[in-house]
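Have a look below at one chain only, the form predicted alone, in structure tokens format.
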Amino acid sequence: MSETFEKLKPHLDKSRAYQTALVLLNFDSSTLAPKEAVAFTAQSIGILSGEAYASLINPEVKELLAELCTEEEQEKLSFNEKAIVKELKKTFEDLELIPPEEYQAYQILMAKAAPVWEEAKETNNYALYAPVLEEIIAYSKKFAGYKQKEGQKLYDVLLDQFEEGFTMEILDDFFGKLCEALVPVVHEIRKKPDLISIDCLRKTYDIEIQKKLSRFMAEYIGFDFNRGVMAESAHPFTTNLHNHDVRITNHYYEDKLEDAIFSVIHEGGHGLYELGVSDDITLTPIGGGSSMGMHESQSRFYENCLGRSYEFWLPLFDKVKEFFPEQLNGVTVDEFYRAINYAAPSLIRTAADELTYSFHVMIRYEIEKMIFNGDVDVKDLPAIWNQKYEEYLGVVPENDAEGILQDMHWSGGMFGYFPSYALGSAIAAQLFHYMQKKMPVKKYLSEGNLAPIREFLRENIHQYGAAKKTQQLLMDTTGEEFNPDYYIEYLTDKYSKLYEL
């Protein structure tokens, strides 16, 4: 046992307490808080953020970390304790570079930015959002500049925050492979627009009943409502205080039943990850997901690899029809399966089909590269966005609400996050490929038995939290590091069969 590590624990506990309060305030702001609350609540968030910063970034913690990184102390630490020290050291080194007053001011800006984005989206008013976005970008550039190492590109600093070790060089190669393999498939499918009908999804579905269906779907995949809750927000998201308090949200449209279904499965996948973290580490710096890419792999695994499979709906579709007997009267499971896998270029990322989804991510990735690798005027971003949608998907937004304003991420300063969605989809396919070699996945799905699948992920991925990073988790689980070939093979095979290519 390390006495030095024991001395560090009170600092970790104090930091965690502040972070818990901040998570609660942010969750409340996105779900139940009245609009008029923002300005005053932001002041409290700013103060709490400052205290959270000071609880870790101080001389005593710095001294303890230096001692814990010595060879003598490392020998006394367990696997999890070593991971905690490593994670805290990285956090400390990053935050120490940011002046406290700038960190606090940025947190206040974040608290105010989300409601501005939400209003801008609701009113289709990019001009309202642009000044806030410009300020967020300026802070992001400044903070990334503090962390930038010699020879490192500014955007690579941001990418590393969400997916350690994945640079623009790696991502450019990844997206290049996707384009080369999938663009021909998309073009062939566009020649068959009437092969699959989505009429059954475009009827009027009562939102209150959709909420009941969403809870049923969350429970079906294993989300534990004794340790979790579900609320409504402008953009579905997942957050948590620890593995006994995990919170997911959903959003509903009367004429898009699939949005609610797949959003709750997606966020439920995130939630299951957090619920599966070991009790031993849940209240520590490694008590969350390994990375955003790995986190997205779990949500995409449930949403797509499982949720959009034929076998998933065999024991389930009749139960769904009980919620909407009139709208789904006469619809077969085969018709429903084909409808939820309809592929066509579209405008909204969260509603995109599996095949074209990564093109939405690639567009955002390319715009972020432009922002951080050069000088792009914020006022020009909507036009750039629209041009890239026309270039890659052949569609153009009619307004900014369905264009550049559709995502909340930039209002939260999450530049470098979007590539994690595509990486997550690829990691999900890699895990799915391996899992099918180890167990009868499709048989379990057709029986409505998701427990063995859930347990496999908990045992190999979830329990470790951030104690292991993405590449190590993949190597330990599948025997190889990240390999996008499984994703390309999965999509090509699936859509070739669906569209009889």
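Counting begins at 1, following the sequence as shown. On a predicted model such as this, the values are computed, not experimentally measured, just so you know.
We do not show the form predicted in complex with another copy of the chain, though everything after this point is about it.
- In the predicted bound form, at least one heavy atom of E36 sits within 4.5 Å of another copy of the chain.
- In the predicted bound form, another copy of the chain stays beyond 4.5 Å of every heavy atom belonging to D172.
- Another copy of the chain is not shown here, and in the predicted bound form it never comes within 4.5 Å of any heavy atom of T492.
- The closest heavy atom approach of D334 to another copy of the chain in the predicted bound form falls outside 4.5 Å.
- Look at 373 to 381, 164 to 172, 341 to 349, 238 to 246: in the predicted bound form, residues with non-hydrogen atoms within 4.5 angstroms of another copy of the chain sit in 238 to 246.
- Although the partner is absent from the chain shown here, none of E102, A105 and S411 has a heavy atom within 4.5 Å of another copy of the chain in the predicted bound form.
- A heavy atom within 4.5 Å of another copy of the chain in the predicted bound form is found for exactly one of E67, D28, E447, E455: D28.
- Proximity to another copy of the chain in the predicted bound form, taken as a non-hydrogen atom within 4.5 angstroms, holds for one residue of S233, T282, T356, Q210, which is T282.
- In sequence order, D13, K14, R16, A17, Y18, T20, A21, L24, L25, F27, D28, L32, A33, P34, K35, E36, A37 are the residues of 1 to 37 having a heavy atom within 4.5 Å of another copy of the chain in the predicted bound form; the partner itself is omitted from this view.
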